[in-house]
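One chain comes next, on its own, written out as structure tokens in the form predicted on its own.
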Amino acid sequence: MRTVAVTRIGSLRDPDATARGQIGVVDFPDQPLGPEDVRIRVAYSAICGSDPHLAEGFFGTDVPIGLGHELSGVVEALGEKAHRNGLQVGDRVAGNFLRFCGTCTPCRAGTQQFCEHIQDYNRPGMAETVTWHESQVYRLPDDVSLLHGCLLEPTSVAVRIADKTDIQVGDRVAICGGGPIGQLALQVMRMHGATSLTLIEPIAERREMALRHGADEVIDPISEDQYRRADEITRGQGFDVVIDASGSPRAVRGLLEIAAKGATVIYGAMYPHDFEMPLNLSDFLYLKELTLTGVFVSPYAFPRALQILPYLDLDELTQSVFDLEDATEAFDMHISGRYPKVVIRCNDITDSGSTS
């Protein structure tokens, strides 16, 4: 089974070609089809911002490391007991790359994100096929194309971020980072009644994209005074909700200063494992009573992400598509930052879904 994988550990941005991480297409064994499993012929698999971290050895260094967890496809086979969700061969689907076991203490306590067996079905989906447990698989609405459907997983992250903000209608919201999660979070925050909705992003094209998709304001943190602009936008009150979707140590340092008293600040990205951010407890937790939290994965968010998928504008996040055999070039495009999202077409599948 042809699968996109890390074939050499190292930063994909390393200027030294001999030390740079490498991405290639390799043959992996077919995944077994258990009695409750679903085999999916993958149509599209999107590159996630976390994938370069895997190349850097964030989760281990034994290569090849299979990639891909944002995917859509068509059901190719069902295990003998995989019928509780009503799935049928030929269904257009997407899903959660993680299977929550449902029996460990965290799962039974309502904290699935800490499932003790979370890696059991974490299988690479940037491949010709992927086999998941039926609980991971969701049938796509008829009005969502397979191309758009591969964004179900990042949409679930935006939904989880919204859950953790505890946003109220009318809250002033700032989002740092105009990549896919930032752009999706912006649309979701708009649905929640956000006001003074502001994207902080150094790339002009991504700021413009945010304005097309509902941002009230944008800030270029390179050429503008971020703190002065935040003051102007919020009339000196600060933002009630501040979301980081950048994952950048440099970008996150100034976010607490633009938060309002009593605000919630969400660190909604993956950060370098050795990054430590100084925190003045007196200023931010005592005097301002900020709530600081993060996001790991997206338990309980997928059904609602599926519900809002038809309402999101996803065309600009799915305009850069490469074939499976061109995965190396696809990752080069991802690293270039030219597009906020790059998608790999794993199989050429006729799609009956709509992109309208």
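In this text, residue numbers run from 1 along the sequence as written. Computed from a prediction, not measured in an experiment: that's the story for all the values here.
One more form of this protein exists, namely the form predicted in complex with a further copy of the same chain; it is left out here, but the text below deals with it.
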Contact test in the predicted bound form: residue 227 vs a further copy of the same chain, heavy atoms, 4.5 Å | no
Is there any non-hydrogen atom of residue 292 lying within 4.5 Å of a further copy of the same chain in the predicted bound form?
-> yes
Answer with yes or no whether residue 61 is in contact with a further copy of the same chain in the predicted bound form, where contact means some heavy atom within 4.5 Å.
-> no
According to a 4.5 angstroms non-hydrogen atom cut-off, is residue 148 in contact with a further copy of the same chain in the predicted bound form?
-> no
4.5 Å heavy atom contact with a further copy of the same chain in the predicted bound form for all of 172, 192 and 252 | yes
Would you mind picking the one in 203, 77, 285, 211 that has a heavy atom within 4.5 Å of a further copy of the same chain in the predicted bound form?
-> 285
Using a 4.5 Å cut on heavy atoms, which of 219, 159, 258, 152 is close to a further copy of the same chain in the predicted bound form?
-> 159
From the candidate stretches 174-182, 266-274, 219-227, 123-131, select the single one in contact with a further copy of the same chain in the predicted bound form, where contact means a heavy atom within 4.5 Å.
-> 266-274
What are the residues of 232-249, in order along the chain, with a heavy atom within 4.5 Å of a further copy of the same chain in the predicted bound form?
-> 235, 237
